[in-house]
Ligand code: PCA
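Just one chain is shown here, as structure tokens, and it is the form predicted alone.
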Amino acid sequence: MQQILLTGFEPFAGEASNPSWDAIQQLDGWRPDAETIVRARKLPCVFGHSLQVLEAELSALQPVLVIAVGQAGGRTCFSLEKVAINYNDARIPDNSGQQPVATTTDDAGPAAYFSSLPLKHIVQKARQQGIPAEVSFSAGTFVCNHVFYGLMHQVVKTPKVRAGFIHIPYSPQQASRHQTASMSLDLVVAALKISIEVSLLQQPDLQLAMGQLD
């Protein structure tokens, strides 16, 4: 049985929950086909330790596909990240109180990695299902980007493994407090299923214009 690894985060920044973890829990044990099963794992919102947990799960599961998911409050779409940068610059402390400024995730690593997910194909399929989705070209400089970079640094050794990072908006409950955009867990779960199914096709991404002007 082939395994797919989905990761989400524990709550951070004073929130009582994290929709990235709430959503992927619903997919733990889901089988997109007869040969593949999804495993959901929670990561700490902590620089360094998050990558230790991730690397242990990668070693244990040997997944064929890895999708890390995180919350980005204020986003309006299901955001598929294109670029992971080798740079940490935390505006707020992580859950252990660390607040790295202008550091690297890996001193010997390259400046950046690109996602290997078929981002544009996923966006197209999600939009066809009425789900707001986009390709994003900035994963930030907090723990989400840290995990994204660390993930791609690991799987670069196994090019047959597709991997990437997705940011999701606040849940409706969170957004009601912050007075900003939200996405229901049902929509997030539906979009994640699309992401998994399209990624398993192992086809080249679509050549569509989805760049940004700013």
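Numbering starts at 1 and follows the sequence shown. These numbers were taken from a predicted model, which means no experiment stands behind them.
As for the form predicted together with pyroglutamic acid, it is not shown, yet the points below apply to it.
Enquirer: With the partner left out here, if you bring back pyroglutamic acid in the predicted bound form, are S50, N86 and Y149 all within 4.5 Å of it by some heavy atom?
Expert: No, because S50, N86 and Y149 lack any heavy atom that approaches pyroglutamic acid to within 4.5 Å in the predicted bound form.
Enquirer: Counting only non-hydrogen atoms and a 4.5 angstroms cut-off, does N18 reach pyroglutamic acid in the predicted bound form?
Expert: N18: contacts pyroglutamic acid in the predicted bound form.
Enquirer: With the partner left out of view, is Y113 within 4.5 angstroms of pyroglutamic acid in the predicted bound form by any non-hydrogen atom?
Expert: Because no heavy atom of Y113 falls inside 4.5 Å of pyroglutamic acid in the predicted bound form, the answer is no.
Enquirer: Can you check whether L117 is within 4.5 Å of pyroglutamic acid in the predicted bound form, heavy atom basis?
Expert: Flag for L117 set to no.
Enquirer: Although pyroglutamic acid is absent from this view, report whether C45 comes within 4.5 Å of it in the predicted bound form, heavy atoms only.
Expert: Flag for C45 set to yes.
Enquirer: Given that the partner is absent here, state which listed stretch (153-161, 23-31, 177-185, 63-71) has heavy atoms within 4.5 Å of pyroglutamic acid in the predicted bound form.
Expert: Looking at the partner contacts, the answer comes out as 63-71.
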